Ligand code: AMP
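The data below hold one chain only, encoded as structure tokens and taken in the form predicted on its own.
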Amino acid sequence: MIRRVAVYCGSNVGADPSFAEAARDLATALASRGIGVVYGGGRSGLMGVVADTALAHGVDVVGVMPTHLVRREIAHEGITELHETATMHERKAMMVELADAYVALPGGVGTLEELSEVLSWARIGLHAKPVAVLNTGGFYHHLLEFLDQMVVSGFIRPHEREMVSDHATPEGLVEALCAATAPRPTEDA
């Protein structure tokens, strides 16, 4: 069962207004199922959109941010919890620990790094939690093609490529995450 989803996304809103709309819709879809958010703790960009929307819908929002960024006064002050870490490495590890699934929205190199790390950790068996991208406006199209090329080139296996699911809509993504973590019926059932 999913209680919290780690959302990796930009600290900017990006050039396309559909990115912020998708961030709002994702937070709304998660909240409609009572699912809280774990995120980078920022108040700006898509991070702020996700946090503010989730809070407005009454679910917990947990931020994780290194102290050096908190000191720069970019932390969201209205979230449910804010965990300060000493390093970015600790931040990412704590976000992985606190979440039951991982979703990447459009973002920059930090978002790409976080997505790559949770995929790498899944590949080597450090977690078995769902990983998904919200492919708003085809934002992740080239990355997904690159992952396909890794399979063709023999660097990852097809089942490892399938560890990241691709969704065009927030509602479809949340539905897929919930289905992926739903209890499986036993033979006795």
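Note that residue numbering follows the sequence shown and begins at 1. What you see is a predicted model; the values in this text were computed from it and never measured.
The same protein also exists as the form predicted together with the ligand; that form is not shown, yet it is the one meant from here on.
Q: Please identify, from 153-161, 63-71, 130-138, 117-125, the stretch that has a heavy atom within 4.5 Å of the ligand in the predicted complex.
A: That would be stretch 63-71.
Q: Could you tell me which one of 11, 181, 165, 169 places a heavy atom within 4.5 Å of the ligand in the predicted complex?
A: None of the other options qualify; the answer is 11.
Q: Can residue 36 be called a contact residue for the ligand in the predicted complex at 4.5 Å between heavy atoms?
A: Because no heavy atom of residue 36 falls inside 4.5 Å of the ligand in the predicted complex, the answer is no.
Q: Is there any non-hydrogen atom of residue 47 lying within 4.5 Å of the ligand in the predicted complex?
A: Yes, contact at 4.5 Å.
Q: Does any part of residue 99 reach within 4.5 Å of the ligand in the predicted complex? Heavy atoms only, please.
A: Residue 99: no, not in contact with the ligand in the predicted complex.
Q: Going by a heavy atom distance of 4.5 Å, is residue 111 a contact of the ligand in the predicted complex?
A: Looking in the predicted complex, residue contacts with the ligand include residue 111, since a heavy atom lies within 4.5 Å.
Q: So which bits of 87-102 sit within 4.5 Å of the ligand in the predicted complex, heavy atoms only?
A: Heavy-atom contacts to the ligand in the predicted complex: 91, 95.
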